[in-house]
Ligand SMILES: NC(=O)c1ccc[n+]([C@@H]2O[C@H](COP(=O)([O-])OP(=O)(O)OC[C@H]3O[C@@H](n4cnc5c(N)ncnc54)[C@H](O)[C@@H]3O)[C@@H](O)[C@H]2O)c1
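In the form predicted on its own, a lone chain appears below as structure tokens.
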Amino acid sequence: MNRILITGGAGFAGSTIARALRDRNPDSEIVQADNLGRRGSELTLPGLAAAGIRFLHGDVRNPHDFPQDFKADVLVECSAEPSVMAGYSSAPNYLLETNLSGAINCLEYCRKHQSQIIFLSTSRVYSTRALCSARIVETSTRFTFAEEQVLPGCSPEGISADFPTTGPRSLYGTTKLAAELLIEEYGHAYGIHTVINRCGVLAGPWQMAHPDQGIFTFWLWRHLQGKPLTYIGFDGTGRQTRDLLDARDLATLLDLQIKEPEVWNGWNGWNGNVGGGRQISLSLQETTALCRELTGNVVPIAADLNPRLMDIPIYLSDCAQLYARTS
């Protein structure tokens, strides 16, 4: 039986992972901690309680909020301010304290209890400047990566973990990369088992999305409501492209990483990409067509030619390293 602590456990990723791990591990003791700071996160609590998952109202920014009576075998760190735009229109304090100080407090908990840590990182650790300089091909509906590339870790399959992380990557991405480095150091210094999953776009049921996070769910919701949308930047054509992954599929991977950290070619020390890849990807233009088909609604879509700060034309996860471990 595993004892699992999930920080950010009432959020979309955390609550989805908690329920999936409960289904796969009915005898495990699962505690999910959350400060309920995001509107709507409280709506996940009844379902989690019905599944026998204990709720702890706590904030990762405060080390005293971590459970004193629960020694976890595994801590799954899902708490984060996930918006790429966070910290630009307002002070970055909350972003820095949650994503970086919170990660440090999680690591200290793991050091104290010798718990394994599984960290949900992001594709945004890669350099925005480098991503914007990758060679791309423009089709009528999307951007794709060209066959020939100059930068390491870039191919038609997408971006691998060998892609450059040097250079601006957003404040959000910087906090995640800094946390990755600390996790590596804690693993080396204190012998705790570490796993880092660099996730692309996540989607799935119960995602309360907005334009800066959960774009595919947000796009569908606006179509269901018949409300207008905007293609921002990149000629205003909606060809910017991302891969997407159902959070329940991510939970399947985490279940392997929890159950057999030393097996599956050694999950301890793993740091790699987890995403839908080229095969499961959409541009906004393609997403619009799909949403129209699903809902029967056609909503007005404006064009704003001014790109947003830190935006990129395309990101696809090259998960070849992951597949080599799980196939």
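Residue positions are given as counts along the sequence shown, with the first one as 1. Every value quoted in this text rests on a predicted model; they were computed, and no experiment measured them.
Only in words, not in the display: the form predicted in complex with the ligand, which the text now covers.
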Looking at 227-235, 106-114, 72-80, 184-192, which stretch has residues with any non-hydrogen atom within 4.5 Å of the ligand in the model of the complex? 72-80
Considering non-hydrogen atoms and a 4.5 Å limit, which listed residue (319, 316, 312, 10) is close to the ligand in the model of the complex? 10
Among the candidate residues 121, 240, 144, 155, which is the single one with a non-hydrogen atom no more than 4.5 Å from the ligand in the model of the complex? 121
Looking in the model of the complex, any heavy atom of residue 207 within 4.5 Å of the ligand? yes
With a cut-off of 4.5 Å between heavy atoms, is residue 301 one of the residues that contacts the ligand in the model of the complex? no
Hey, in the model of the complex, does residue 159 get a heavy atom within 4.5 angstroms of the ligand? no
Applying a 4.5 Å heavy atom distance criterion, does residue 36 contact the ligand in the model of the complex? yes
What residues in 154-173 sit within 4.5 Å of the ligand in the model of the complex, counting heavy atoms only? 172
